[in-house]
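A single chain, nothing else alongside it, follows as C-alpha cells in the form predicted on its own.
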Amino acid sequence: MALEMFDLSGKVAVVTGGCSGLGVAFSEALAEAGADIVIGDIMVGTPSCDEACATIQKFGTKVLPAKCDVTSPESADNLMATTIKEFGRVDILINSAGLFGENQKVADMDPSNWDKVMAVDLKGTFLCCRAAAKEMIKQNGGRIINIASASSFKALPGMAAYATAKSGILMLTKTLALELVRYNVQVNTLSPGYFITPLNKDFFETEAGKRMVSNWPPRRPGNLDELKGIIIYLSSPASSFITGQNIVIDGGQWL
C-alpha cells in the first residue's frame, strides 16, 4: 500500500527545461514512476533534447517534446493546450526552466542581465503556473513543483538577479498554494544546492572547483539521481497534505 502512493502510472507531467540539467533528471524520475512526460523547452529539436527524449522512452512511457519559450504568455498557454490535446489532462507541472545570467555585482550590473534572469526564472515560472492552474482547477486536482535554489537563503556576490528571482518563486509558491488548496492542487518548491550537471562537471574537476567543494560540509556536490526521490514524492499521492512548502536538498552545503 505504501509503495502504491508513489505510483504515477496514468499521470501526465509537464517538465519545463526538460532537455538539459536538472530537468532531465526530473523527467526521468517521473517516467520511471509511470508518468507520461511533456517536455516544454526552447531547445526542443536539438540533439541534446532528442537524447533526453530517447532516455525517457526507455521507461516505457510516452514522451512529447513541445517547443516552449517560458517568457511568452502565449507559448506557456500553448504548452498546456498541447498537453491537453495530446493527453486530455495535466496532472503535474515541474517548473525547471531557468538560467543563472551573468555574474555581476549590483553596482556594475547591466539592467538587461537583470531583465533576462527575471523573465526566465520568475516570470516564466509564473506564466507556466498560471497556464497549468487553469486546467488543474477544471479537473479538481494536480501538483505544481517550482524549482528555486538554495541561493534563495544565502547572499553571494554577483548573484543578486538569480537569487532574487529564486526568492520570488518561494512567495509565488505560497500564494498559489493558498489559492489552489480547495481545488485539490498542491504547490510546493524544491530548492537544490549544487548538483553535477553537464554544464558544471568540468569545473568541479578543476583545482578551483575542488577548493570550493572542500569548504562544504558534505565535501561533494549532489548527483542528479539524488533529486529523483523527492520529485516523485512531491508529485505523488504520498504528499497529498503538503502544500505551500519549500524543501531544501543540498546535502547540508549551506549549514
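Numbering starts at 1 and follows the sequence shown. Note that the coordinates shown come from a computational prediction; the quantities given were computed from them, not determined experimentally.
Omitted here: the form predicted in complex with a small molecule. The next part is about that form.
This chain appears without its partner; in the model of the complex, the one residue of N78, Q139, N113, T71 with a heavy atom within 4.5 Å of the small molecule is T71.
Only one segment in the set 175-183, 104-112, 160-168, 84-92 has residues whose heavy atoms sit within 4.5 Å of the small molecule in the model of the complex; it is 160-168. Contact annotation: A131 falls outside 4.5 Å of the small molecule in the model of the complex, judged by heavy atom distances.
The closest heavy atom approach of L122 to the small molecule in the model of the complex falls outside 4.5 Å. In the model of the complex, the small molecule sits within 4.5 Å of a heavy atom of I147. Not displayed here, the small molecule is kept clear of A33 by more than 4.5 Å at the level of heavy atoms in the model of the complex.
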